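Let's start with one chain on its own, the form predicted alone, as structure tokens.
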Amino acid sequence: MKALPSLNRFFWKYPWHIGLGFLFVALSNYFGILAPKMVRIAIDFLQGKKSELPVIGSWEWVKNLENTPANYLIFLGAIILLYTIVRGVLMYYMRQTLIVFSRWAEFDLKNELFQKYTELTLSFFRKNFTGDLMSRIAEDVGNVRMYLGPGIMYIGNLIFMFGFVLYAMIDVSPKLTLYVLAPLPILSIAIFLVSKRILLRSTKIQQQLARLTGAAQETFSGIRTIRSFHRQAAFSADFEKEMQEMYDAKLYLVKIEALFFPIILCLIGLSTILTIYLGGIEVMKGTMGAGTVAEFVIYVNMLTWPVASVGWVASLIQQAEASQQRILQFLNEKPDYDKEAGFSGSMQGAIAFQKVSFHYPDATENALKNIDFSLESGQQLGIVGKTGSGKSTLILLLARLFDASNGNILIDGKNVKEWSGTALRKQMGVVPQEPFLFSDTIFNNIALGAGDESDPEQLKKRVEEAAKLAEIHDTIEGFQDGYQTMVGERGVTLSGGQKQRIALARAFIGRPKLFIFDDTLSALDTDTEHKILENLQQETKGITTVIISHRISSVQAAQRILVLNDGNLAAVGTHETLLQQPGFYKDLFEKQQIAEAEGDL
């Protein structure tokens, strides 16, 4: 067990739950072994053998009850009932402490894992499927909780129950105790042989579950595409195939687990037979009372569930070990930077790329090659180029969502690696090429960029101002629920242009020191684009702005324009100077001029 010790920190975090829980476990089992003693005393009393009751046996009124057998037996039954009630109450509190502890540990572990996900870089998410991430935070953490809750509780219950019962049995008859416990080594061997198989099978099940979750998530996210190509049957068949593998793996695990219970029942049955046979011989010899044999039989049967739970608990532990290994695999992932450490001052917005090259972790060729340029604070930078030329990669490096493979990227003269990740991005307003909207209201999607604004009226004002700048306010007001309109998953209820403008509003509301727009106006008509560009020029006056676009009209006002081609910096200049040079920029401008004149743009 290499992974489970990492969970010991929760025992130290919640000591009262653990301490009280095991106290209740001990007390409930102590009261459990008292009832069989009363059974022995009652049977021996019926055979004419009187035994003194613990603690109260010397009381005069108790001795008087012995003269009326019916009343004495009712009294003994009342004591047994009292012990049972007390034990039941203690078992209730046992579960209320240990099971609640496991829920708190689950709460902490899920939050810790989710927080870890948010801190990891994009390269982590490029190599791990969403379904796998979801599986680890849901199913794997759930398996760990079962170990911390029911698993720990039943282990403690077994230890205390076995200890108390063993002590009580030895106290009555050491010889008979030895015979009764003789079959137990067989149980230890069975557990040893089966546990390793359970671990291997549990690991396979969790891996298969991750694939299933990923397949379902990807199918539901792309359902419109699937239906458009009428591929429902093919995707259903693929899912059924994955599900069949899960079914086979789980069925195999169930078969292994099913071996434990009958084996344990046979061992308990064997112990009961030995108790009755050997105890009966002692009764006939006159060396032991029938009540003692009955007490032993009850003790043996009291061990049935705790011992029977060994197989189930062993399975829980093996599944938790497999799951915790998968959880630690992600918890031990190190982000490429410390999000808090570093410079956290105010940003002015001066940018410099010094011979920057970059290749993605899973790529063989550089996405950017030896990029070198600078931009003064408050200026506007336009970036154009063919699809796949490295435009979006450049701004990913600027926002430090990836680190450059070679070269340096400076903001205000400081390498981005010297900046605090939190401070760096709080002062950036980024609108990606494919804007992501959350399944929430339009108001909350825009307000996401407002930071820590706490005044509701001020926030409402800022949201509406940002929406007007993005030319989306009138459209929102036209919806039945206005700003409280739910946008659906990923903004599915909105058009591409509406999503882009809401994403623009989200950037405007944050009042950043550096704006980055990655082809954000591609889904808009020309008139709307011109209106937004006018607002943009006004709103970003004196603020450094980076605009990526396939439309020359979006970047022609920039003080500096970069033309990228296959990861290389093909040309740098203003709109006027680039038009005087033959190449991609001039050709694109002329084509768009012709298309606009013909009404295609």
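Note that this is a predicted model, so its numbers are computed, not measured. So that there is no doubt, residue numbering starts at 1 and follows the sequence shown.
There is another form of the same protein, the form predicted in complex with a small molecule; it is not shown, and what comes next is about it.
Student: Is there any non-hydrogen atom of Lys334 lying within 4.5 Å of the small molecule in the model of the complex?
Tutor: Although the small molecule is absent here, Lys334 would stay clear of it in the model of the complex, with no heavy atoms inside 4.5 Å.
Student: Although the small molecule is absent from this view, report whether Tyr360 comes within 4.5 Å of it in the model of the complex, heavy atoms only.
Tutor: Because a heavy atom of Tyr360 falls inside 4.5 Å of the small molecule in the model of the complex, the answer is yes.
Student: Is there a heavy atom of Arg227 no more than 4.5 Å from a heavy atom of the small molecule in the model of the complex?
Tutor: Flag for Arg227 set to no.
Student: Report whether the minimum heavy atom distance between Gln480 and the small molecule in the model of the complex is within 4.5 Å.
Tutor: Contact check for Gln480: no, nothing within 4.5 Å of the small molecule in the model of the complex.
Student: Choose from 388 to 396, 526 to 534, 499 to 507, 271 to 279 the stretch whose residues reach within 4.5 Å of the small molecule in the model of the complex, heavy atoms counted.
Tutor: Looking at the partner contacts, the answer comes out as 388 to 396.
Student: Scan Asn444, Thr422, Asn301, Gln433 and let me know which has any heavy atom within 4.5 Å of the small molecule in the model of the complex.
Tutor: It is Gln433.
Student: Using a 4.5 Å cut on heavy atoms, which of Lys285, Arg126, Lys175, Lys241 is close to the small molecule in the model of the complex?
Tutor: Result of the distance check: Arg126.
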